[in-house]
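Take a look at this single chain, the form predicted on its own, given in structure tokens.
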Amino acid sequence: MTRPDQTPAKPRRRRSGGRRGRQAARVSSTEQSVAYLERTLPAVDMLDEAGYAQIETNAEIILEEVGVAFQGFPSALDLWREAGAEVRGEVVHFPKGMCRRIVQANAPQSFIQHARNPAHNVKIGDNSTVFAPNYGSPFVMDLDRGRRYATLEDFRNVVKLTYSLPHLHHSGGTVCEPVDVPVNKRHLDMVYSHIKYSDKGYMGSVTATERAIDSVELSRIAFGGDLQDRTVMTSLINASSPLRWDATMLGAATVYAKANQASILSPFILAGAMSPVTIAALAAQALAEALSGMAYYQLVRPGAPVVFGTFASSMSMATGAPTFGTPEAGQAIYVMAGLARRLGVPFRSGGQFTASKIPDAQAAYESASTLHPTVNAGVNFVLHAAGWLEGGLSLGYEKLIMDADQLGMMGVYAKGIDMSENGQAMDAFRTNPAGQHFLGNDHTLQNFETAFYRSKIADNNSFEQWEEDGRLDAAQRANIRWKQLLADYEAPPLDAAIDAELQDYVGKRKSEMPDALY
């Protein structure tokens, strides 16, 4: 593979038509886009009833005895006092079972996030899984230009690619940070880009209360002037672990709750720094934090959709650097998913994480070590499902393509075993003489185009054919694919009057404030 600062080798010109042309046409025709995954696989539990119950008990002790800080947001403290919690300064202490009762009495078990195109509406909760791309990286990386600060052009490119990739169900949020736009204005360009260049669901801004308000207003315009109480955004509200919600996150959460928009209330924990080092302790703390956040959301507006989120990983105890793809992180996903099922709310976690700086073998195996627990645990909303590099500091163009290919495989895996008459294929046995291969059997001929997942990145040809095609590795093939996807991109329809109103709103809001770096 080439280094990030090198241009990949140009492939030799491929022959058109013939066997390879027919193969490409079949792959294209059989790749299907679905709005979201509906899993038939049973979720894997890593704890028994006694284990889950002990963690829930420990979380209640933390909520009651230690408490959770709601900092810089007096109205939140007022709501908690009215609800019967004990407020000491800015730390709220909750009577045993209070947060759980509030959540279970009000929060929906699942909800629909409406997209501009109803075909891309997603169900979040129950047995559904929604894959969304990378979030929050200040850098981007590709094989041609290497690692660099992300720009608005990069942001738009990633939105276009995500729209074009059938196994990414959701446009995401801050897919990368467009650092060429002032901090206080870039949210306007980001939300507009999701609306303009995709018709899949998207996430709103959470970096300030007024930016959440702008996100709701832009969404109102995009959906024809009135949201009609529909949930059209899912946004990420991170706890300042350990055991703290800050004013920025609370302000955004309050805006979205009042507007009946969904939020992922998500502790962000690197075990050993933001929690004790053990998985049982991490799980108890994350449950306490998420319960307090989701309960607050229900106090603001009962019934507003919430997602129990958690970002949990390990760290190097030698250097303090975050580590990814570790067995402990996988265990945390399984345990937290089980706790969410017991609570009865949708769950967000997992993705394709790696500390690698380039899309190499380390990136592949660390990502796979996170993706498989994510699917097996039954995670409902998967942020960072594609594109993550360098511990989240970079979004990789090639990594986005390679990860999306893996998501397609997970879509097949999550369907489980086909036990229909066709799946059992008994007629194939009855019509095939003993000792004769099945290649010419009617059942094979009827199913060969859809029988197995066909990767658009993997090379399964002979060594000689691989050499003839340019000796490309997986990242180089992904480099070609993302460029082709952008070249072929066609924007989804957007009413011209709505587009003009969106642009007017963005322009007006930008003119009302000077550029700022915060």
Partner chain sequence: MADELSTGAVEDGDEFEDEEVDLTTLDDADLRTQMMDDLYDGLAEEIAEGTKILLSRGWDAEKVLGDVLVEGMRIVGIDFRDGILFVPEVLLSANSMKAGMAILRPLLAETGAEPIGTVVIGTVKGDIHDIGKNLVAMMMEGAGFEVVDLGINTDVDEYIEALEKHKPDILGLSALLTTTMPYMKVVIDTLRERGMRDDYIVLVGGAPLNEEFGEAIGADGYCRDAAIAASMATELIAERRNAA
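Numbering follows the first chain given and starts at 1. No experiment lies behind these values; they were computed from the predicted model shown.
What comes next is about the form predicted together with its partner chain, which does not appear here.
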Check your understanding: Taking E177, V183 and M317 together, does each of them reach its partner chain in the model of the complex with some heavy atom inside 4.5 Å?
Key -> yes
Check your understanding: its partner chain isn't shown here, but in the model of the complex which of R342, H93, H372, R244 has a heavy atom within 4.5 Å of it?
Key -> R244
Study note, to complete from the structure: Partner-free chain; cross-checking its partner chain in the model of the complex, the single residue of A368, A105, A273, A361 with a heavy atom within 4.5 Å is A273
Exercise for review: Tell me the stretch among 236-244, 258-266, 418-426, 325-333 that has any heavy atom within 4.5 angstroms of its partner chain in the model of the complex.
Suggested key: 236-244
Check your understanding: According to a 4.5 angstroms non-hydrogen atom cut-off, is A281 in contact with its partner chain in the model of the complex?
Key -> no
**Study point:** Proximity of L393 to its partner chain in the model of the complex, heavy atoms at 4.5 Å
**Key:** yes
Review point. Does its partner chain get within 4.5 angstroms of any non-hydrogen atom of Y297 in the model of the complex?
Key: no
Check your understanding: Closest heavy atom of F139 to its partner chain in the model of the complex, within 4.5 Å or not?
Key -> yes
